[in-house]
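Take a look at this single chain in structure tokens; it is the form predicted on its own.
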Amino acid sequence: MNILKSFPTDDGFYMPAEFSKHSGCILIWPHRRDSWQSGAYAARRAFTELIKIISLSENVTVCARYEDYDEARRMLPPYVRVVEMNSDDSWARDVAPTFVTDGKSIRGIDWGFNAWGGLEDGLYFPWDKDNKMARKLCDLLDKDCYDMRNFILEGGSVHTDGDGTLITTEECLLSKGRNPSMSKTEIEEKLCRTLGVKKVIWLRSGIYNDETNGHVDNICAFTSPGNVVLAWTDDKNDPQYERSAGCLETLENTTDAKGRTIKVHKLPLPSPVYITSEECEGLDNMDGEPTRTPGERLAASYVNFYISNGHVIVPQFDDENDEKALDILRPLFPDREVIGIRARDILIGGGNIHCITQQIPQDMTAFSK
């Protein structure tokens, strides 16, 4: 593995869309007991169900701590690759490399990671193990790695259509805990040079009470060039309504990098999901303080899905809108099976299906099917 100091675009590399072909997917076995209830066992069952579906059409690599390796190996199918690697938590989308391609080969980007806000409003300290994971994974996969550790970015904060357009949120990328010395224009230039995009669409904010400062992958996602799904509620008394309406206004009054009008498909939100007292009791304290409060609203959204080669895997919340969300997504992904899995035990950790996965693009030949 070579550590590269250039920008990916200088070498002809760009970030492909998630709906492009993959050769694999990376996840991190859950272990943090102040994030995952009941000693993380409930989350491990949900992770296992998800991994089994992803592995039907692409190779899966699961990173597990030394003390969790044997259990991960026991719970997961034998064809799933399990490797020993330390981490602070289990959000592969945000700590694994962002992969870029020139159409022939793949390289990773090693962003700086500070637990979604560092000492300003980060979620835990320390985060040094997470901050080393991208480079370790590039080493494991024998892929060169761009050193972008001087720029704080999580994979869940950006979505691209693979055709020159990127969406993100001002709430996240302009937050004080990320890159406070950089202007919006400077951040946009950085995104263009590293991810090979020509246009950045800035949405105002993300999902209400999202502790990542509004990651875009929880509120809006490309389904194909020129098409996005947007988390939506018709309830004007819901604090999410103003947020989603602001995103809709932005999307309806802009075009993508190719000059196309963006078609917005509204994806209804589930009814507000609140954590229970019993679920809170299953979580360890962090530094003597509880990490969740009974009745706290969780950032539930159907937009937080993962697109594998064969499936679109969508969170389900035992809600009347579960099936409606699947029905909206099916015609948008005619070449994949849209399937739901119960994801409450993932949501309690703070994110969902998209947050715990990171795709490896197709021409990662070491893992191609």
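Residue positions are given as counts along the sequence shown, with the first one as 1. Just so it is clear, the model here is predicted, and its values are computed rather than measured.
Keep in mind that the form predicted together with a small molecule is not shown, yet the notes after this line are about it.
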Notebook entry, point to check: Hey, of 212-220, 80-88, 274-282, 104-112, which bit sits against the small molecule in the predicted complex at 4.5 Å between non-hydrogen atoms?
Noted result: 212-220
Check: Of the options Lys136, Arg292, Arg243, Lys143, which one has a non-hydrogen atom that comes within 4.5 Å of the small molecule in the predicted complex?
Finding: Arg292
Check: Is there a heavy atom of Asp94 lying 4.5 Å or less from a heavy atom of the small molecule in the predicted complex?
Finding: yes
Check: Given that the partner is absent here, does Gly350 sit within 4.5 Å of the small molecule in the predicted complex, heavy atoms only?
Finding: yes
Notebook entry, point to check: So in the predicted complex, does Cys355 come within 4.5 Å of the small molecule, heavy atom to heavy atom?
Noted result: yes
Check: Heavy atoms within 4.5 Å of the small molecule in the predicted complex: does Ser35 have any?
Finding: yes
